[in-house]
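Only one chain comes next, encoded as structure tokens, the form predicted on its own.
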């Protein structure tokens, strides 16, 4: 009788341990999942191409419809102390949407600071960004965000940034333009080691730097100067983009 009771006790303990381990695994697994809502043209003008925002189809102008949400595995939910996602400032996109930089987490970020009324250096930086984007394979584009941060937040309103994006054929999903405040732009510039100075009400002198961040917001590469080769920057982007 005593031996039977002992066996039952051992069985109960083992069962409790097993249930606990299964529950722990389930919690851990669920915490590493992220629900991603996507949108697609109901007429499939662009085949299976999807967007993460509900805007109009760039081909037929119909409202995009939501597709089935899917769970995307997140390999690491933590960010380091040096991640750019620790910055808590708020930004306005060219779509007049308020975001934090952390909302860009999960994609490789290619970032440059410009202002839209610039007639000298900025057009060349923008050309570099477009040339870099053109060298990225189509299958990787959806995992990359090309971000333009205005150093002239007074002039570059969301509407001005939106008009600029359309005029320069950079209104697709992979392009993002950000307007901050004077203080948030200065903070951001310090992180990127970008120097800028207002030399007239509509003109700035500034560094010419394109920065690459991995999906966790870690700075992995910087390209400095005008007229330099984009090869190392493209290689760095491809290296960290799945």
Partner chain sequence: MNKQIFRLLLLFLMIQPLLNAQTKDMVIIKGGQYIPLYGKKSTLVKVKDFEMDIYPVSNKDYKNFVKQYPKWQKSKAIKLFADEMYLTNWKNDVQIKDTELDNSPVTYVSWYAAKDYCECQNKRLPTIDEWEYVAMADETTKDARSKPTFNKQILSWYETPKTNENSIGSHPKNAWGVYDLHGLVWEWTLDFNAVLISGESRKDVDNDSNLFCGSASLNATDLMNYAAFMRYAFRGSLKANYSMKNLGFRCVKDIIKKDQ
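Residue numbers count along the first chain shown, from 1. Predicted, not measured: the structure shown is a model, and the values here were computed from it.
Just so it is clear, the following notes concern the form predicted in complex with the partner chain, a form of the same protein that is not shown.
Residue contact check for residue 81: one or more of its heavy atoms lie within 4.5 Å of the partner chain in the predicted complex. Taking the partner from the other structure, the partner chain in the predicted complex has no heavy atom within 4.5 Å of any heavy atom of residue 100. For the chain shown alone, residue 131 is not a contact residue for the partner chain in the predicted complex, no non-hydrogen atom being within 4.5 angstroms. The partner chain is not shown here, but in the predicted complex it comes within 4.5 Å of a heavy atom of residue 187. Checked against the partner chain in the predicted complex, the residues 216, 50, 208, 174 give one hit for a heavy atom within 4.5 Å, which is 208. In plain terms, the part of the chain that comes close to the partner chain in the predicted complex, with a heavy atom within 4.5 Å, is 118-126 out of 118-126, 90-98, 165-173, 135-143. Contact residues in stretch 177-197 (any heavy atom within 4.5 Å of the partner chain, taken in the predicted complex) are 183, 186, 187, 189, 190, 191, 193, 194, 195, 196, 197.
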